[in-house]
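Consider the single chain below, provided in structure tokens and representing the form predicted alone.
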């Protein structure tokens, strides 16, 4: 199904084709390529505004996820009854925030990929509020990144590493 990728910021350069390729690979690694997905790239001001409205946190962040299917159990793939329900939801990437937090030896697009996988996991019902939930999410992120590494040769680490 479709991937809608929007770049609504001008704070950092972004090659949408490269990001699209990486997000498509992430969707395949997680087995959700048949679902629609929206990825919206925003600056610090916009991600902070969204974070304040939806999470009551007045600070920029790296990723916010808004699932189409609510109340999924961790790792549960939605089973839609109607064609219009083949939608995972939307991920907002705080690309300026991500860029500012990249280490000197890290590839910006690799970190965007790691962050997108983290957001996709949230769309699939994963959370990291407790250590047990974090372990499940960490394992799923790690599995998807290892599969990607097999295709790309990169050694990416889950975004949720070290949370607990």
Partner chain sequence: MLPLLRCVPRVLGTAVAGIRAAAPSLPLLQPASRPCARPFGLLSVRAGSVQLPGLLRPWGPCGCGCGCGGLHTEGDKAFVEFLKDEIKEEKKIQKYKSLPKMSGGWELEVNGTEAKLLRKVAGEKVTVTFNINNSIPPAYNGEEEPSEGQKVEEQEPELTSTPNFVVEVVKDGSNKALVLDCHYPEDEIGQEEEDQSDIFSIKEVSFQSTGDSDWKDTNYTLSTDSLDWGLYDHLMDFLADRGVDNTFADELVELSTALEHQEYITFLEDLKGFVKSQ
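Because the structure is predicted, anything quoted here is derived from the model rather than measured. Residue numbers count along the first chain shown, from 1.
Omitted here: the form predicted in complex with the partner chain. The next part is about that form.
S.K.: Taking the partner chain in the predicted complex as the reference, which of 30, 98, 123, 40 has a non-hydrogen atom within 4.5 Å?
M.R.: Result of the distance check: 40.
S.K.: Wondering, does residue 14 line up within 4.5 Å of the partner chain in the predicted complex on heavy atoms?
M.R.: Taking the distances in the predicted complex, the answer for residue 14 is yes, it comes within 4.5 Å of the partner chain.
S.K.: My question is simply whether residue 157 lines the interface with the partner chain in the predicted complex - judged by any non-hydrogen atom within 4.5 Å.
M.R.: Flag for residue 157 set to no.
S.K.: Using a 4.5 angstroms cut-off on non-hydrogen atoms, would residue 142 count as touching the partner chain in the predicted complex?
M.R.: Contact with the partner chain, no.
S.K.: Are 8, 20 and 90 jointly within 4.5 Å of the partner chain in the predicted complex, each by at least one heavy atom?
M.R.: Contact check passed for all of 8, 20 and 90.
S.K.: Heavy atom within 4.5 Å of the partner chain in the predicted complex: which residues of 43 to 77 meet that condition, in order?
M.R.: Going through 43 to 77 in order - heavy atoms within 4.5 Å of the partner chain in the predicted complex - there is one hit, 54.
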